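The chain below stands alone, shown as structure tokens; this is the form predicted alone.
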Amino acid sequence: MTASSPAPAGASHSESERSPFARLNELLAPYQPGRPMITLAVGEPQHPLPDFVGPVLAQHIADFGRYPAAKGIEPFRKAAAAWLARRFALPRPIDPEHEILVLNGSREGLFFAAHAALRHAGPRRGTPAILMPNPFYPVYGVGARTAGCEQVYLPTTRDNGFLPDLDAIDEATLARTIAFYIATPANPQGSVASADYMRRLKRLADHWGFLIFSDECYSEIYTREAPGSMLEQAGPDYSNVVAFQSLSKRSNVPGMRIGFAAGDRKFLAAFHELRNVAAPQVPVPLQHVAVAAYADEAHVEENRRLYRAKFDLADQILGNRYGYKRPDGGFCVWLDVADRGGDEEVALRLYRDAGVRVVPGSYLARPQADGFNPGVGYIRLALVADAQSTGEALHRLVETLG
């Protein structure tokens, strides 16, 4: 097996890129939960909204009456740039005028970025390729395919620390790469790329002339050291690096759909041109809420405290079962259940017998060219419910699986 594998030639786009949650619904549809249901399937934060959300919306509610600029209002761009400067050791301050774009959450930006990358990239030797970790956030694959690029899956396994093996990517693939999606912290395993890893990836991007799309939406959810950003290793011009951030996880506002892209100004200029005609604008009142959110860390620290308490429960209840290891970042748990019947069977049993809803790992990954699916045998748990429900779900899981 190579680390650089395209989607299997015979794979159905409709099947390989369907939502994992739609597939999960079909798997569980014939059954009823055996106990009052607790869902650990969807990564939707459920902690309380920050107190400032309502008052700021009310203060700016009249702004719903006008079309927003695609670029984002100046106070938002300045607030995002200032937060980046406080949070990360940047080579220089981000220019809010040319190096920040507001997004409808990171998902929308990550999708359109693939299309902008194809326009932005120079000629390639063969079919343009977009590389991505496997398992991966589904929007990476859909963005690549709808942009007309080949999806190249880079398996992330325990053996490579759940990060793509950069040394295993062949030069023929790199020569036609236009973009590389990397998630740090990773979804679903919670692995965090080191500064050395990021520097190596940046050297590859500069040598072969591709863009790095760094999905950092989980950067503020951690229980040990704060994860770094690709922007820290991008050099003073931020060339070939674009970081994507979102307030969904950081500030526990998944329904607001607001985030930003920051980095390479030449790419962001082309990205802005595309989004200006193709993407929905972000409502101005939501941008003002984001300004308040980026100015406040107290609610973020409380958010981390709540997640830390749930990981403490996972440490106590799961112990070393199922290959459990407290992740470096994010709020997901990645459990090896291959010897308990496999990921689909375990997901079905937990729902049917224990009333616990989880996602089969194979639904979050895709088969490599050789047929290997690196998600097979794993289940993903999102620790987004309250501590009592989370602890109950984990106890039921252990009781059911042994």
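Each residue number is its position in the shown sequence, starting from 1. Just so it is clear, the structure is predicted and the values come from calculations on it, not from any experiment.
Just so it is clear, the following notes concern the form predicted together with a small molecule, a form of the same protein that is not shown.
Enquirer: In the model of the complex, does residue 248 come within 4.5 Å of the small molecule, counting heavy atoms only?
Expert: Yes, residue 248 is a contact residue.
Enquirer: Is it the case that residue 140, even though its partner is missing from this view, gets within 4.5 Å of the small molecule in the model of the complex, heavy atoms only?
Expert: Residue-level check for residue 140: yes, a contact with the small molecule.
Enquirer: Would residue 187 count as a contact of the small molecule in the model of the complex, using a 4.5 angstroms cut-off between non-hydrogen atoms?
Expert: Residue 187 belongs to the contact set for the small molecule.
Enquirer: Please check if residue 299 has a heavy atom lying within 4.5 Å of any heavy atom of the small molecule in the model of the complex.
Expert: Although the small molecule is absent here, residue 299 would stay clear of it in the model of the complex, with no heavy atoms inside 4.5 Å.
Enquirer: Could you tell me which stretch in 167 to 175, 150 to 158, 289 to 297, 217 to 225 has residues with non-hydrogen atoms within 4.5 Å of the small molecule in the model of the complex?
Expert: So the stretch in question is 217 to 225.
Enquirer: Between the options 240, 106, 252, 134, which residue brings a heavy atom to within 4.5 Å of the small molecule in the model of the complex?
Expert: For this set of options, the contacting one is 106.
Enquirer: Since exactly one of 87, 78, 257, 145 fits, which has a heavy atom within 4.5 Å of the small molecule in the model of the complex?
Expert: By the 4.5 Å criterion, the partner-contacting residue is 257.
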